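The chain that follows stands alone, in the form predicted on its own, written as C-alpha cells.
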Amino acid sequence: MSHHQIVIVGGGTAGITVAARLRNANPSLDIAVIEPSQKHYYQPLWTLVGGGMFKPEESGRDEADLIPYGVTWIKSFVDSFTPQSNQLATRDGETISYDYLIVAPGIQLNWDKVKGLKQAVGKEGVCSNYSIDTVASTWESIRNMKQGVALFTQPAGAVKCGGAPQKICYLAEDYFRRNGVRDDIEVIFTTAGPRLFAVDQYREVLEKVAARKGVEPRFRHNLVEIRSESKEAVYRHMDTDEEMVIEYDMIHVTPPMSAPDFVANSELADEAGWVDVDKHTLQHTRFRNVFGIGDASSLPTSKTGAAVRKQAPVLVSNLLSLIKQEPLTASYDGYTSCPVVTGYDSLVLAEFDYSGQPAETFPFVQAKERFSMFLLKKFGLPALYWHGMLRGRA
C-alpha cells in the first residue's frame, strides 16, 4: 500500500489546475494525481472542431507534459473509496492511503442511456461533439448536409456546459446559410428543458438568435432512441410521457451524463450520485479531509472549465487552511461562464453566479452577440487554459 499526503482523483481540468496551484503554494507537499489517460483535451474547442475550424488533434496535449513537476502520476483507474480509513483502491488492485483527498474525475458520458445510440454514433449522419472519437463526425455530417432535417439534442439532467448543445446547432445553421443550402434544410433544436438558457438576460438574446436563424426549438423533448436504419429519433415528452418520432437526415446528439459510477456508488456521493460538497467551501459534507471540484461535484452551477477556474483557488486556500488547522475562509460564489457561439463570427459570453445574476468580466453588456468575444473563445481562452490555468497561474 502506498501513501501520499494529498491524493487527487482525476488529471483533467480540475485535477491538474488544483495540483499546479498546490505546488505553487507549497512545493514541499506530497501530491499524487490518479489519471489513466495519456492525452488531455481542451474540450471547449470541440464545438469549433465540429464546425470545421480546428482539427481534433489540435485540442489535445500529452498528459505527461501537464502533470506539475514534483507531482506523482499514478496511471490507473480508481475502483472504490473507503473514506472511513482514508483509502481508495485502483482497478490494478493497489490500495492507496491519503491524509487529504480531492475528487475531480470529471463527468461520465452515458451513450447507452439512449437506445441504439452507442452503435450508431459517429456514422451515417449520427454525430456528437462529446468525444474525441466522434467529434470529427460532426463536421463531416454538417458539410455533407444538402437538404432535409438537421436535428440537435439536449438531454435531461446536467451536461458539460449547458449552452454547448446550442452552439453546434447555430454553427451548423450558419454553415448551411453560407453555403447556399439553408433553404433546403429544416433546423430543429430539441431539449428536455423548458427554455433555451437558465439566466433570463442571456435566454432572451438566444431566443432572438434562434428566431432570426429560423431554428425551431422544441422543449421538453428527451431523446430515448435512435433508429439509425430508418433515420428516426424517438423522444419522450417530459411532461406527458408521450412518445414522438422525428425523422432526420443528420442528428447531433448530446448524450446523457452523470458522475462516474465509482463516485456515484461510493459513500462520497449525494442522492444524485455527485460528490457531496459544501457549495461554498468545496469541503465534503461528511468527511472533513475530502474535497470535491468540477463536473463530478454536487456544486449547483454549470459544469464548465470556467467554473473550475474559480473553484480551484477556493479549494486550495481551504485545503491549506485545513492542513494548518485554521478556519476555512475562502468561499465560491457559483461563478461560471458559457461562451455561446451563435455563428462563425459571433458569440454571447454568458457569465453568472449561484443567484443567476450576471457576473460579467468586461465593461460592456455581454448579453449581445459580438465578434470580439468569438475571437476570445477561438484564440484567447485556449491560450489562457494551456499557459495560465493548467499552470496554476490564472
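Nothing here was measured: the structure is a model prediction, and the numbers come from that model. All residue numbers are counted from 1 along the displayed sequence.
Another form exists, predicted together with a small molecule; not displayed. Remarks below refer to it.
Contact annotation: of the candidates Thr304, Thr191, Ser141, Asn318, the single residue with a non-hydrogen atom within 4.5 angstroms of the small molecule in the predicted bound form is Thr304. At the 4.5 Å threshold, heavy atoms of Gly52 stay clear of the small molecule in the predicted bound form, well away from it. In the predicted bound form, the small molecule lies within 4.5 Å of some heavy atom of Ile34. At the 4.5 Å threshold, heavy atoms of Val9 reach the small molecule in the predicted bound form.
Residue contact with the small molecule in the predicted bound form: Gly343 places no heavy atom within 4.5 Å of it. Contact here is defined as any heavy atom lying within 4.5 Å of the small molecule in the predicted bound form, and by that definition each of Gln43, Asn129 and Lys377 is a contact residue. The stretch from 145-153, 278-286, 161-169, 114-122 that comes within 4.5 Å of the small molecule in the predicted bound form, counting heavy atoms only, is 161-169.
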